[in-house]
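This document starts with one chain, in the form predicted alone, laid out as structure tokens.
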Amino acid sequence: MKVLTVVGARPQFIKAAPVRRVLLATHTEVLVHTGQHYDDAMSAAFFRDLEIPEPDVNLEVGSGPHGAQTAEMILRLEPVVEAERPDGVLVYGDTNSTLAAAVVASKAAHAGGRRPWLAHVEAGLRSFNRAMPEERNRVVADHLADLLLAPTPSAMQNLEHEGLAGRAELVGDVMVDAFDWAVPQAADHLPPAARAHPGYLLLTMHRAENVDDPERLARWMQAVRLEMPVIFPLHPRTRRTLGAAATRLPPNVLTIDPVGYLEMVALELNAAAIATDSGGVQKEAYLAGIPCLTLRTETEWVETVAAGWNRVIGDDDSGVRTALDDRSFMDRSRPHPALFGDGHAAEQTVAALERHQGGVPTESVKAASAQVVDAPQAAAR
């Protein structure tokens, strides 16, 4: 089986790494990087940390407005799919790279009329906020895909509500596999600023609604004016807004450059709490057993909220301090159920691809895949 995998942003590098290790044991993969994240801190460092070789193809699209960026990805990716003639195209998550690859794969046709299948990892996630570009991207990708690989039962329910259950399998979350792999390697990668300031709040922000408006970003900075250190890896987008507005940061906020994957895992494992607008960081906070404050009005990871480990702050900036002062929320001894599978989602994913390639109906494996979330969480957590 020949699979063409399309990635473009650092969350996708993380998800693709464990699947790639399993896939290459018996199959062929062509790894295509759209170049959506393109500098060393946002791209190359993650490939090194995850022990992924350089991509087979780099489209080098770079940044730009959503429409122009997605269109350029489609334009550059289509001839690659035509030249490689894969059995299928594998996409991850909810970025513009995901959308572009889904469109190309859904329209591709090889000689003789055969077309590659399209499989979507992390299918079925919904924030139910159509103002988010990510929400639109993942909905379109799900409706175009031939095989929907869902990480959680709630994602499966979302797909069922949209009439897509017949194409969906519950495989667990590949980020668990990646996190389990990273934990024993992360100890030596804690940035010096974090070593010097134990008991810190880890802060990450990159979403347009939070960081493109200087006034909104300034309010968040005031919300983290706390009696505890705040370690803040600065996303390039956030740095630009802070610089343009000459925003003064509170003295307890320590900014550092963007970090690689192993550094990020080390920061998460050693934090007192995590505040973020990232879906991936929310999930990693849960895997690390660290209370998480979501700086948004909604989350895709509703399971973490229901379990008591994630609090959606919404538009009330005072919610940050309120959450940190809540002893029950900050209590790490509370129950920590296995929400995302047993750390073998990559194997389940490749098995699902093999079944689809072999023509095995998805419905015939639903009962087996439903057992994924019943397995105990990996010992690292």
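Bear in mind that the values here come from a model prediction, so they are computed numbers and not experimental data. Numbers follow the displayed sequence, beginning with 1.
One more form of this protein exists, namely the form predicted in complex with uridine-5'-diphosphate (UDP); it is left out here, but the text below deals with it.
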Would you please decide whether Arg10 lies within 4.5 angstroms of uridine-5'-diphosphate (UDP) in the predicted complex, comparing each non-hydrogen atom pair?
yes
Does Arg207 reach uridine-5'-diphosphate (UDP) in the predicted complex if we count a contact as any heavy atom within 4.5 Å?
yes
For Gly260, is any heavy atom within 4.5 Å of uridine-5'-diphosphate (UDP) in the predicted complex, or not?
yes
Using a 4.5 angstroms cut-off on non-hydrogen atoms, would Pro229 count as touching uridine-5'-diphosphate (UDP) in the predicted complex?
no
Tell me whether Ala123, Pro153 and Phe340, taken together, all sit within 4.5 Å of uridine-5'-diphosphate (UDP) in the predicted complex, counting heavy atoms only.
no
Considering uridine-5'-diphosphate (UDP) in the predicted complex, find the one stretch among 281-289, 102-110, 81-89, 186-194 with heavy atoms no farther than 4.5 Å from it.
281-289
The single option of Ala119, Leu293, Met264, Leu159 touching uridine-5'-diphosphate (UDP) in the predicted complex, heavy atom within 4.5 Å
Met264
Exactly one of Asp173, Glu169, Asp142, Glu268 has a non-hydrogen atom within 4.5 Å of uridine-5'-diphosphate (UDP) in the predicted complex; which residue is it?
Glu268
